[in-house]
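Just one chain follows, in the form predicted alone, and it is written as structure tokens.
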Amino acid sequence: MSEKQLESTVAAAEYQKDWFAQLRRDVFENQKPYAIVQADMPLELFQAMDVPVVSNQWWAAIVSAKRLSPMYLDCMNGRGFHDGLCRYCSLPLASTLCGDAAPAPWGGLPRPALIAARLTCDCIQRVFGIWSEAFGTEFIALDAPGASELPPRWWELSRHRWHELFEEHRLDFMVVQFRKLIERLERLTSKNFDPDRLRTLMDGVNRQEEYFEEVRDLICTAPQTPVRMQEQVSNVMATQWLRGSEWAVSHAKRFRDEVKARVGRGIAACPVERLRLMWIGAGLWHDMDFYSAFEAEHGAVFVWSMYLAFGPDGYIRYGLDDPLKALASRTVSMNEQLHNPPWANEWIVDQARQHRIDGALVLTPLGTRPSATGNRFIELALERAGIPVLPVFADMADARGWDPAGMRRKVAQFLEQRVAPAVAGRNGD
């Protein structure tokens, strides 16, 4: 991203790089354990046991942002891995198997003490199984029990009525798996699990997400959005991977304070804002400048993505008497909420209305089933709500099939022919 308008964005990026450098020192110099995990794993358990984690998706985003995905993925194809493999989940594996193709960012991933993932997609078990063999380390897999009930307007139940929303039998099943993971972490660290420490950490997560909710509300109510979507993503995700920690809560507050001050002073991310857009799907990590490419000519600003919006609705849990079960409720339905009908499309339409969205771009990544299975339902729901939709068939991590100039022309045409006329019609122009 060429321009950063917020000081907190710069601070978040610097902290992430420093944190990873310290992780490498701790592993190589002090033989401290760390884990590589899938993004939807219960990261809080690892933090409560003093085992740092690197998210598979975070590392994929870093690799992609450094423009290394074409070399690594071409190397994977040369090794016989098929073209339809999920790039988002397999790109970090590629950086390990194809380390000779290009130097990895920031020195690369050191050997983890273990890797872990929830089995939410067909490819996960094979990707992580091959990765564990490459590292010579253990792979811990958690099952993902499906929902038998999908109550409407789930976000109105998720904070206080999460026992009811996520079904006791699913929560109990996840807690049993959590306990097995905890036993492994106890052996790894020679420490006993402390439920009170987990409860304190989760209370910190609540405070962190409450700050993000304030930012979300400011974006909804301000005459013009005070912060670009890509800067929302940078600040939110830097803290979500370390959620509940002292730094994460402090940085969320810093981000909230800076956005609030901008609203108070009437500062807009794009002073010529005329059209408000939402981006549905993972970030376009290899071309983050895409999100600000339509401001000057079209006054079109991306104001919404799942990253900031999902934190308050997906993570806040009140009533932490049983912190393991509360953590299970955070974990067990993340994919349904973000991707699958009817939960995802209902929530996204509600978010579009709150954020005064004029048009939506929906990313359908090739080979990534959990992130693509419900997209047609989301598109249909938005169109029925009067919001024009442009499907984007591309990959969030793989730049090889991305045509930056061609896609910018396509979006410009969408804005001129569908979004602007719809807004004019709505305003009676």
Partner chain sequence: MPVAGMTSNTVPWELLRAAGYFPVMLNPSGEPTPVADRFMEDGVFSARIRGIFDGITSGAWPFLKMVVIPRTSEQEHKCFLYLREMGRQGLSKGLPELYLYNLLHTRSAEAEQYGLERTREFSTYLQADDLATAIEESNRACRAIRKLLAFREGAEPRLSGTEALALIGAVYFMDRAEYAQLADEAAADFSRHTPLRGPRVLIKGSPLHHTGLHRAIESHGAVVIAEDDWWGSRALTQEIAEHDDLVRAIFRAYYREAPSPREASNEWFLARSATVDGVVFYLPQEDDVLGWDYPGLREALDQRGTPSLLLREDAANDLSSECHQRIAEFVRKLDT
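Computed from a prediction, not measured in an experiment: that's the story for all the values here. Numbering follows the first chain given and starts at 1.
Quick note: we don't show the form predicted together with the partner chain, though the next part is all about it.
Between the options 247, 318, 173, 106, the residue in contact with the partner chain in the model of the complex by a heavy atom within 4.5 angstroms is 173.
Only one of 299, 342, 110, 195 lies close to the partner chain in the model of the complex, with a heavy atom inside 4.5 Å, and it is 342. Judged by heavy atoms within 4.5 Å of the partner chain in the model of the complex, the contact stretch among the candidates 331-339, 202-210, 274-282, 302-310 is 331-339. No residue in the set 66, 98 and 114 has a non-hydrogen atom no more than 4.5 Å from the partner chain in the model of the complex. Although the partner is absent from this view, residue 400 stays clear of the partner chain in the model of the complex, with no non-hydrogen atom inside 4.5 angstroms. Using a 4.5 Å cutoff between non-hydrogen atoms, residue 28 does not count as a contact of the partner chain in the model of the complex. By the criterion of a heavy atom within 4.5 Å, residue 120 is counted among the residues contacting the partner chain in the model of the complex.
At a distance threshold of 4.5 angstroms between non-hydrogen atoms, residue 346 is in contact with the partner chain in the model of the complex. Taking the partner chain as it sits in the model of the complex, the stretch 135-154 comes within 4.5 angstroms of it through a non-hydrogen atom at 143, 144, 145, 146, 147, 148, 149, 150, 152.
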